[in-house]
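Shown next as structure tokens: one chain only, the form predicted on its own.
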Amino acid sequence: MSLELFLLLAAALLAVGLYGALSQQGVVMIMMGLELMVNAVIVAAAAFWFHLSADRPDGQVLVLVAITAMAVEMAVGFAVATAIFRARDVDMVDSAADLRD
């Protein structure tokens, strides 16, 4: 596959994730949109790494670190969303807005 196809895939993932994050009100759906946008960045970074210097392993390490950080971030986010849902029985962003106080 060419670099353009990977970048097109990354752009599509970013667009779908951005639409999902901006159009939904549920915490889980917003987090899924953010997850898609982060995946788009990872796909683009991996594509650039593969086409620019595939013989060096530092790009693979960077992608693995990004995927690990994303997994930890989403696990913490889903844990917070679950705790909010159990404590207040709400799953909407507007209903949980008083958490910033």
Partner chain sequence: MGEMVVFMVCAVGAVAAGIAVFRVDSMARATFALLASFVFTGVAVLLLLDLSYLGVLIILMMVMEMLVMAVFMIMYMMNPAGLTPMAMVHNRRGALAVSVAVFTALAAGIWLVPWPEAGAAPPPDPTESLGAALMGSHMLVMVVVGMVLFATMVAAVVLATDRGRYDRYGDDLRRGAADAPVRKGVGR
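Residue numbers count along the first chain shown, from 1. This is a predicted model, so every value here is computed, not measured. What we label the rigid core is the largest C-alpha set whose atoms superpose within 1.5 Å from one form to the other.
This protein has a second form, the form predicted in complex with the partner chain, left out of what is shown; the following refers to that one.
- Although the partner chain is not shown here, in the predicted complex the stretch 57-76 places heavy atoms of P57, D58, Q60, V61, V63, L64, V65, I67, T68, M70, A71, V72, M74, A75, V76 within 4.5 Å of it, in sequence order.
- With the core held fixed, A79 shows a CA shift of 2 Å or greater between the shown form and the other one.
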